[in-house]
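Shown here is one chain on its own, the form predicted alone, set out as structure tokens.
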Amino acid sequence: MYILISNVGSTSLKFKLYRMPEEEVLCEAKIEKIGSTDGIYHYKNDINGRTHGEESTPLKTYAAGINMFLSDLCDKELGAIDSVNKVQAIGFKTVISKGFNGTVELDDRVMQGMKDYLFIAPVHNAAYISAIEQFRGILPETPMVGVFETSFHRTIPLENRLYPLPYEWFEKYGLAKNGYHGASFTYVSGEARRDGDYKKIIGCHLGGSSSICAIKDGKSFDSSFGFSLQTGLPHANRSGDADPYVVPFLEDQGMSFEEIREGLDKKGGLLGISGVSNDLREIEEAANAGNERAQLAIDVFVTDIVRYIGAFYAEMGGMDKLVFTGGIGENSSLIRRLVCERIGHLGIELDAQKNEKTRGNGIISAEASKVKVQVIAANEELGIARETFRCLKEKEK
């Protein structure tokens, strides 16, 4: 069975075509900086090694990225298959849908649930709805499966999920911590425990969207994400944690709700603080050149990561392993070093050389470190492929 996985991020697109159940990757693509005129596109055919890359190319919409990938997917020289109709299912790392969790086929009811929760995840749900509907138009008979980001966090104890709000709001509206990045932390949880019986893991998924997860006995115990994606750590454009009374205060100052929302959703986070970019690579460059606001954005980001690690360390009563994943977590030795220096008192000792050299997978803690520190390259797509395959096989029974 050929299963195509579409992973839609807040500023990125990733694709992988799998042959299942062998879990063989036939081709893959990664698209960055969507919404800009200097997008980055990389495609690789894993069978013959042929590649296609474009730098500084206009990629203003998700549709543009999808069409670029599908063109290469079936290209005579680059393609892994000769027709898009050979794709037997498409799996998506979906975010949230009213009334649905886990892995489900994306029928009209589920799609409506995603639209109903557009207010909670405006950027992500809008992007996924757009991508799914485009694929539905191209392959109307092909099953579309959603692996929802909230499912991994259903194990969070209620005392860690509940907000100090009227309990009736929880009963009536489900106002409680949802947690996201479930596909990432499901994979991290499995990979991090391959080399030992680690009971208390803290995972840091750092990228365009960032979160910290406390993983106890392989299950989600707490998350920096709350009810919405507009919570927790500073993100590329989204603010993360902010006092809720900021909203009525700014309205009282004469700002409209839409202006405030744009500040929270699109003009906040790393971009809002730095005034330079929403891309940490560019922020690091600016900071190295003496830009004080860029340095401040890095300092705020690191401080918030440290704050959540400390809180989850206290909640779980310790930590056996600290994991970095996601685009920033895998590639920014600076962020990893700054974080680990701040929490050295928790039993972490970094190996400076390993940290500087590691991009992707590797242990970066020193031999004497009481807490092991590991970098795990995100592979959300494999988990989604497994879940999509399982869902379709169960449907056949």
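Note that the structure is a prediction, hence the values are computed from the model and not measured. The numbering used is simple: start at 1 and walk along the sequence shown. Superpose the two forms; the largest set of C-alphas matching within 1.5 Å is the rigid core.
Quick note: we don't show the form predicted in complex with a small molecule, though the next part is all about it.
Listed stretches are 104-112, 154-162, 88-96, 272-280; the contact stretch with the small molecule in the predicted complex is 272-280, by a heavy atom cutoff of 4.5 Å. By the criterion of a heavy atom within 4.5 Å, residue 222 is excluded from the residues contacting the small molecule in the predicted complex. Within 4.5 Å of any heavy atom of the small molecule in the predicted complex lies no heavy atom of residue 79.
Interface membership of residue 328, defined by any non-hydrogen atom within 4.5 Å of the small molecule in the predicted complex, is confirmed. With a 4.5 Å cutoff on heavy atoms, residue 207 counts as touching the small molecule in the predicted complex. The two forms, fitted on the rigid core, differ between the shown form and the other one by 2 Å or more at the CA of residue 32.
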